[in-house]
Structure formats: structure tokens, C-alpha cells
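Just one chain is shown here, as C-alpha cells, and it is the form predicted alone.
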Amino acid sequence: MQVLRGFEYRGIDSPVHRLDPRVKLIYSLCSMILVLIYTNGLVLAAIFLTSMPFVLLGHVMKRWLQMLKGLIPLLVLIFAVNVLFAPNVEGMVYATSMTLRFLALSSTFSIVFLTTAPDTMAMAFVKMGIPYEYTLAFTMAVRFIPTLARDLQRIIDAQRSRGLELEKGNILRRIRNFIPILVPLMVYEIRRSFQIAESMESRGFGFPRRRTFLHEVKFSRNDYLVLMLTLMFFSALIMVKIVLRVS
């Protein structure tokens, strides 16, 4: 539930929220490339720390920390599985690198979703030449992840008020206890999907070939500055990888 809150956007007037979505996407993609080509723990930690200015300037520290807190079980699992297959010093180092890799990826991409409105992201994708149908599918998926989390929490609370105990029993018993939660959740979301389809049809979705928007996204001076710093950091680490052959 806390991990899903890392995808929840809230409108705040901050320098990060005002950045062009394309700049934040480029930052996330550059970070992803660096995370995938590096296994050095110090470099991965540095990539993770690059998200801190965005978190502080975007005033999303609380929800960002909630997202990281929700990732703890996954981080522990990634570390434990890697150590299990290589129970030595090198295995410990590799497990730490894999854990930092997942942490850095989650942190950098969370910045995009926490500070970018779905409608603004859709406009940015259309500007990049992506068909609006694919853009709508992606933005709706991102928008309804927090909605799904809220619906799930409401159903859990309702079932607990009726006496359902999720934490008692062995692992099989606990899995069985989630059936009264998953069934109403699926029914509720299917009903929601029909409502969305009817709403889109009533608004003539797909009729005009070329869409227009009330607001346009365009680069500002801060966008160019952040983009330049991102590309400089990306290029520097690529050069370190090629010249110094850092793993």
C-alpha cells in the first residue's frame, strides 16, 4: 500500500512540479541506463542521492519516505535471495549492489509520478510523437494505481469490521483469508472499467484525428538547466565507465 502511494500525484506549486515532464522523464531514463550498466555500490548510491534535490524542492518528502518504507520487504528479499545463492564476501557485495540498484530505480521513477500530473504527462507524450491512445492507456494506469490502493484499503477495513482476521494462521490460511478481499475488489474494478468506457464513449473518444489541448507544455529556463545538469552527470558517468572501466 505504501509503495503504491509513490505513484500518487498531488498538485503542489513547487519548482519540481513546474518542470516539463519530458525533463523528468529524461532524468529517469538516464538514471535507469546508469543503474543497469553499473554494479558499483558507490555509484549506485550516488544515483540514488540525485533524487534528493527533487524530493526536497518538490515538497514530497513524506510520501517519498512512505514509498521507501513500503519497499523494505522487497529490498530485504532481493538481498536475501542474492546472498543465498552466493554466501560469501563477493555475494554480499553483489547483493548490496542489486539492492541499491532496485532502490535507485524506484526512487528516480517515483519522482516523475509524484510531481507530474497525468494530464500534463499525456501532453508531453503526445508532443514526443506517441499516439494518444497509447498515452491515454499509460496515464490511466498510473492514475488508477493510487485509486486501486484506496479501494483495496476500504475493502480491507470493511472486511475487518466484519471479523475477518488477516494476520492469524499459517501461510496457507493467510492466503485463503485474502479471497474475501480480492473478489469484491475485482468486481468493483470491473464495474469501474465499464463506467470509464461509457464516459469515454459519451465524450466522443477517438472521433477527432488531431487533438487539441487547453494548455501547452514548453521548456523554460529551469527546464534547460535541469536537462543540462542531467546530461552532464550522465555523460560523466558514461566516461568513467569507458575510460576507467569501473564496474
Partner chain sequence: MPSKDIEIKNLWFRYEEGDWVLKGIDLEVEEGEFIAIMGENGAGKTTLVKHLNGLLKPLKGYVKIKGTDTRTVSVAELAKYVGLVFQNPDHQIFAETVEEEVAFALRNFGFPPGEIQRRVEEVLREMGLSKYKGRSPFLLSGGEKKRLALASVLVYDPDIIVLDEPTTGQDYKQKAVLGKIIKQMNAKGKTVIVVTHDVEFVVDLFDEVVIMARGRILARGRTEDILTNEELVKKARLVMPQLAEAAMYLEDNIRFKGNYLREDNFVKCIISALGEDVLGELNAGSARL
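Keep in mind that this is a model prediction, so the values were computed, not measured. Between two forms, the rigid core is defined as the largest C-alpha subset superposing within 1.5 Å. Numbering follows the first chain given and starts at 1.
Quick note: we don't show the form predicted in complex with its partner chain, though the next part is all about it.
K.L.:
With a cut-off of 4.5 Å between heavy atoms, is G129 one of the residues that contacts its partner chain in the predicted bound form?
P.N.:
Residue-level check for G129: no, no contact with its partner chain.
K.L.:
Any of the heavy atoms of R191 lying within 4.5 Å of its partner chain in the predicted bound form?
P.N.:
R191: yes, in contact with its partner chain in the predicted bound form.
K.L.:
Wondering, does P53 line up within 4.5 Å of its partner chain in the predicted bound form on heavy atoms?
P.N.:
P53: no contact with its partner chain in the predicted bound form.
K.L.:
Is T39 near its partner chain? Define near as a heavy atom within 4.5 Å, in the predicted bound form.
P.N.:
Outside the cut-off, so no.
K.L.:
Among 155-163, 94-102, 119-127, 80-88, which stretch has residues whose heavy atoms lie within 4.5 Å of its partner chain in the predicted bound form?
P.N.:
Comparing against its partner chain in the predicted bound form, the contact stretch is 155-163.
K.L.:
Among the candidate residues V187, L29, I196, L57, which is the single one with a non-hydrogen atom no more than 4.5 Å from its partner chain in the predicted bound form?
P.N.:
Selected option: V187.
K.L.:
Comparing between this form and the one not shown on the rigid core, is the C-alpha shift at L84 2 Å or larger?
P.N.:
The answer is no, as the C-alpha of L84 shifts between this form and the one not shown by less than 2 Å after core alignment.
K.L.:
At a 2 Å cut-off on C-alpha positions, does G70 qualify as shifted between this form and the one not shown after fitting the rigid core?
P.N.:
No.
K.L.:
Does the distance between the two CA positions of P53 reach 2 Å or more between this form and the one not shown, the core being superposed?
P.N.:
Moves: no, less than 2 Å.
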